[in-house]
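Quick setup: the structure tokens below cover two forms of a single protein chain, split into structure 1 and structure 2.
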Structure 1
């Protein structure tokens, strides 16, 4: 997907006049196809497509004076979303006082790579196509049709799609009272050597004659790192095992490693997947209902993946949490201080 911009064709040129589009919104476009005609002080030039795709999100009309560099359309991989976002018309431009063009300058590339395909957390950039009834019902029921677009459901939307919309995961509510659906989670990954924890477990088992399961250590270290990062008073770790029911541990970092932490009915603070006994190294489930931590063994390293959303914690806390956990796993002494 690339943006189509108004090219600078003259030496001292602020704007170009879009004479006419030679392709219509939704038209397929091949590399080298003429997209539109632009008139500058002295010349009329045709601007070609630098990428193949479909002409979409056309935001300037024939006859518009468009500032140089402004995005006026997008060449995208599909013909979906051909309608432009309701972009403000370019501000009226005073009559050009530019110097007469003295040298002929070849048209610069009319396209630049788009910054990002679609914003991951904000509202969708394009206009949502939906039936009038679906739009009215969505408004009446405080549903955001943009969430369907973000979740990748094909447009246009009809009343039956509202059922799908209602079944999407809903987290929290925005200040306006509209439900907000978080589809993109944030992720932090880390790696740390396993040797420190191995030595620690060996030492406890041989010298202390205590049997230690790695999961208990992970839960304890993670709770401790979480508490340090967030200053939480209560940390409940939901330990998720592949073959057994989830266990909810209350403040496992407060218990001695030789004693199982008390189980609790409280809601989990985060989920812990211990992958160290499996061939899995990391999990990226994209589920945002709870912050989710996975610890996997990858050769001589632990691979740590933490998924969370801004509803759970701020980024700094999450970074402090993961780096604190990695530090504890690399050298368990950090857990004790």
Structure 2
């Protein structure tokens, strides 16, 4: 049985604020498991266990300000004594904290990273509180946690807040030095079986002596799915592919598949990359100028990738678009009826 104490995470730290327990009383604990988060005057740390057992006798609650060295839980060999004896409130904060007695030195390893900036590219200026894991992931992914603070997102930040950070517009600089906002690209991927489209092409060829190429199916089905999701009156598909010149098709879902859709000079509604005859299965271009759809062949499946931003459409529309397209490709009769 070993004590869990509030660790000293700084040279001049007298207390630590227990933000939240990451284990519940009675939970099994392995060496290295994160037990709780503590906030100091500089950062938020996650405290790990250095002994295995069960977390018991928890005597401090989330939000408590706890003096350094105070026992706040016990790691026991069994979960029999889960409840704290008296669940005492934290002791008053002393003016100065004496060195913990050796008998109270808990075998808890606290990860104490340096108070480094949140991101190598961060534009933030104020203090940002975040867990070490959130900091590490943000740095690895070149994300600026300061942007969350600038957006008013409440601190401290955890890994789950990185998803919010990714959805924020990215502030950059134009070649002229002016500040611009680059809208974040979102991506939806899907897979559907190819057999339905294959059978449909064979059926058109055998019973109707009509030759239908996959690109025509992709453009028609994609335009139909986009119109159903957004209620757009005009859909112009910019069809692109490796070793092919781009063509702009006006409302291809209104044309018969055996007849080429009319070309137009109108601006494209979205770009369609037909990769089915190439070794490519998907594209992730990160270009938010236009919504970009790619369809590639991967074994017996079509791989669908759709990139868009909030400037183009709302998430529900994008999801409905990709879902509707996959449904049409899997069962072409769904599109024709």
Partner chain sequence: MREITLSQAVNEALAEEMRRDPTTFIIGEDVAEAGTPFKILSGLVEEFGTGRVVDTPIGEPGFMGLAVGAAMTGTRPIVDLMFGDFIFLIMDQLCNQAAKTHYMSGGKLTAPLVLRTNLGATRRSGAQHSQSLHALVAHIPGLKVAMPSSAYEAKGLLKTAIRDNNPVVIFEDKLMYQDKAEVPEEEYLIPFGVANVKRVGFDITLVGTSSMVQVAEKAAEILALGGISAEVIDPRTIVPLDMDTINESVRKTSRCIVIDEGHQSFGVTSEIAARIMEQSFYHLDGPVIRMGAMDVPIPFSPALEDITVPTPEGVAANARKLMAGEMFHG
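Please read these numbers as outputs of a predicted model, since none were measured by experiment. Residue numbers count along the first chain shown, from 1. Rigid core here is just the name for the largest C-alpha set that superposes within 1.5 Å across the two forms.
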Structure that is the form predicted together with its partner chain (1 or 2): 1
Relative to the superposed rigid core, does the CA atom of residue 62 travel 2 Å or more between the two structures? yes
Look at residue 141 and decide if its Cα position differs by 2 Å or more between the two structures after superposing on the rigid core. yes
Cα of residue 250 displaced 2 Å or more between the two structures, core superposed? no
